[in-house]
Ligand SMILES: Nc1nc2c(ncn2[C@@H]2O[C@H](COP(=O)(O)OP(=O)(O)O)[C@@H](O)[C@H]2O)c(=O)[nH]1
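What follows is one chain in structure tokens, specifically the form predicted on its own.
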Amino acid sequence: MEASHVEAGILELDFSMGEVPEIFQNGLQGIFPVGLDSESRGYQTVTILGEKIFVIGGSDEGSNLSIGIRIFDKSTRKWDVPTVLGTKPTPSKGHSAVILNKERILIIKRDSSPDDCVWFIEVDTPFVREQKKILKTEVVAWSKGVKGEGPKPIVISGPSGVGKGTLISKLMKEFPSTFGFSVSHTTRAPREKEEDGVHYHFTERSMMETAIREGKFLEFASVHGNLYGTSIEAVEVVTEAGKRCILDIDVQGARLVRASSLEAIFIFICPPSFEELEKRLRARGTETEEQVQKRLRNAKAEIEQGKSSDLFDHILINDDLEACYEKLKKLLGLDGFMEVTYPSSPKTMELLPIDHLVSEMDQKVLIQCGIPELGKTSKSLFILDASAIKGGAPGRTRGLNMYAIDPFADGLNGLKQLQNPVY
């Protein structure tokens, strides 16, 4: 066993030999029972946050290590394996851990690419606190760290038959490089000419229910006896491709998205009258009379909520399709302008090596690649700026920037930026 470093309540450990670390027996013997990790194998970090100690790491999986999470409560002297929400990172050959704002633990994976090296474990964010109330158990949540803020998604809601699908299709046809459609999941059977992965991700109910429990859905609802939902990945895949994601969801789903950490623009499409909506629904000829009546009942409730609540930023009345479409473009700043493209993240930094040290100061994390020799300076130094992060679970944590710095500059305050942000 070898202790990498102890700093700001963080202890990095290598349990590859399966030994009980001496530092536990000496420095932390009043906290941890003897034999704490005698059965564990692999690289782990210990992060102390108040009365809780987070042991992050896991056992060998081939050449890589999984990233499991356990919590030791100093007040009760008991271990807890929390419910872990979100999509956790792929295994790596180790990691570093840094506490940020007492709400989350920054995880920097070793030997990882720039777009996969920065992750967060949320331990006391609003999302985690809410999930603890719902699940009535200890909860933590993974979220991936992403450079910059990314384009704001657009949530478009409205009752069945109002024409929102047609409006979205027109928008994506005219601006194919600007927008991407979030493909929802559903447990209903596909209709004629519907393709899996294009119109919906058609899935088994049990599989979708499991994914919902694991925190992999941004919003979900039971509609007409079937589950519908938007997975976090469906939104993030579009955003990370440099496009603005469009979510076509009902009012109930929009309310869940509004309550989440996802920042979006909310638009409600309203029919000119309830009679006109019924006419459009019947003209589709895809539902039985019983289904039409159910949709009309739901539509009435949705229209009332859409008009009366402060859920939506904008309300558009679709009395004329072309006129409504022009208003939609104007809202999004697209009238009279060329198609907008969003920059993708630069990939100028090589794999983050296994040998690196991290330290944190005012939410700016110094990453020192390679263990410096006596009297010599590390060849590679980076600053990861987490001071402007936003969002988080159940989506991504955005707003990160990483800069290469001059190792010969006079202190952190005089660090010279050598190049553009690399992450």
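The shown structure was predicted, so the numbers you read here are calculated from the model rather than taken from an experiment. The first residue of the sequence shown is number 1, and the count goes up from there.
Omitted here: the form predicted together with this ligand. The next part is about that form.
Student: Would this ligand in the predicted complex be within 4.5 angstroms of a non-hydrogen atom of every residue among 164, 184 and 302?
Tutor: Contact check passed for all of 164, 184 and 302.
Student: Of these, 129, 297, 152, 191, which has a heavy atom no more than 4.5 Å from this ligand in the predicted complex?
Tutor: Only one listed residue qualifies here, and that residue is 191.
Student: Only one of 179, 120, 268, 228 gets a heavy atom within 4.5 Å of this ligand in the predicted complex. Which one?
Tutor: Of the candidates 179, 120, 268, 228, 228 is the one lying within 4.5 Å of this ligand in the predicted complex.
Student: Whether residue 232 contacts this ligand in the predicted complex should be assessed with a 4.5 Å heavy atom distance threshold; does it?
Tutor: Residue-level check for residue 232: no, no contact with this ligand.
Student: Evaluate residue 330 for contact with this ligand in the predicted complex, applying a 4.5 angstroms cut-off between non-hydrogen atoms, and reply yes or no.
Tutor: Residue 330: no, not in contact with this ligand in the predicted complex.
Student: My question is simply whether residue 200 lines the interface with this ligand in the predicted complex - judged by any non-hydrogen atom within 4.5 Å.
Tutor: The answer is yes: residue 200 has a heavy atom within 4.5 Å of this ligand.
Student: Under a 4.5 Å heavy atom criterion, is residue 249 part of the interface with this ligand in the predicted complex?
Tutor: Yes, contact at 4.5 Å.
Student: Sort through 144 to 152, 250 to 258, 84 to 92, 104 to 112 and report the only stretch with a non-hydrogen atom within 4.5 Å of this ligand in the predicted complex.
Tutor: Only one stretch qualifies here: 250 to 258.
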